[in-house]
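Next up: just one chain, as structure tokens, the form predicted on its own.
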């Protein structure tokens, strides 16, 4: 979702509601770090600790999520698997998905981008990474 007001409106959506980001990471420390960075940029953040919980939340009527940011390596379901499910869903495919990982593995990064990821961030995620996300909103 983009706003006609330009970059200053990045944290605000329609009717000045904040952009809602679903942050998915099995690490409580990493979830807290990304949530703090996103909230400091005026995003509304919901955090979950697994891909399964993310899909449960997204399956609710009107999840109203503007972006998903997910860790790559998680138990039960990887961020890559979550990405594929989201992009194969007619209801969810328009939600931008950003993958995060502490491992810089070029073929993994390329595979995620080819599957439809909007971006691939290397951990630790920095404020400049969050600023870049603004341009990924639809």
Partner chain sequence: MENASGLQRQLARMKKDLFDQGYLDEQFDQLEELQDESSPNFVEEVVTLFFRDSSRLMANIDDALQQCPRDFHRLDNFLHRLKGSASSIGAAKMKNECTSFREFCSEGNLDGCLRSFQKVKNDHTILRQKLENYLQLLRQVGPVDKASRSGS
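Note that the structure is predicted; figures quoted are calculated from it, not measured. Numbering follows the first chain given and starts at 1.
What comes next is about the form predicted together with its partner chain, which is not displayed.
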Legend entry - its partner chain in the predicted complex reached by all of 29, 33 and 73, non-hydrogen atom within 4.5 Å: yes
Inset, instruction - Report whether the minimum heavy atom distance between residue 110 and its partner chain in the predicted complex is within 4.5 Å. - result: no
Inset, instruction - Find out whether any non-hydrogen atom of residue 91 is located within 4.5 angstroms of its partner chain in the predicted complex, and reply yes or no. - result: no
Inset, instruction - Please check if residue 126 has a heavy atom lying within 4.5 Å of any heavy atom of its partner chain in the predicted complex. - result: yes
Inset, instruction - Would you please decide whether residue 103 lies within 4.5 angstroms of its partner chain in the predicted complex, comparing each non-hydrogen atom pair? - result: yes
Inset, instruction - With its partner chain left out of view, choose which of 45, 37, 95, 58 has a non-hydrogen atom within 4.5 angstroms of it in the predicted complex. - result: 37
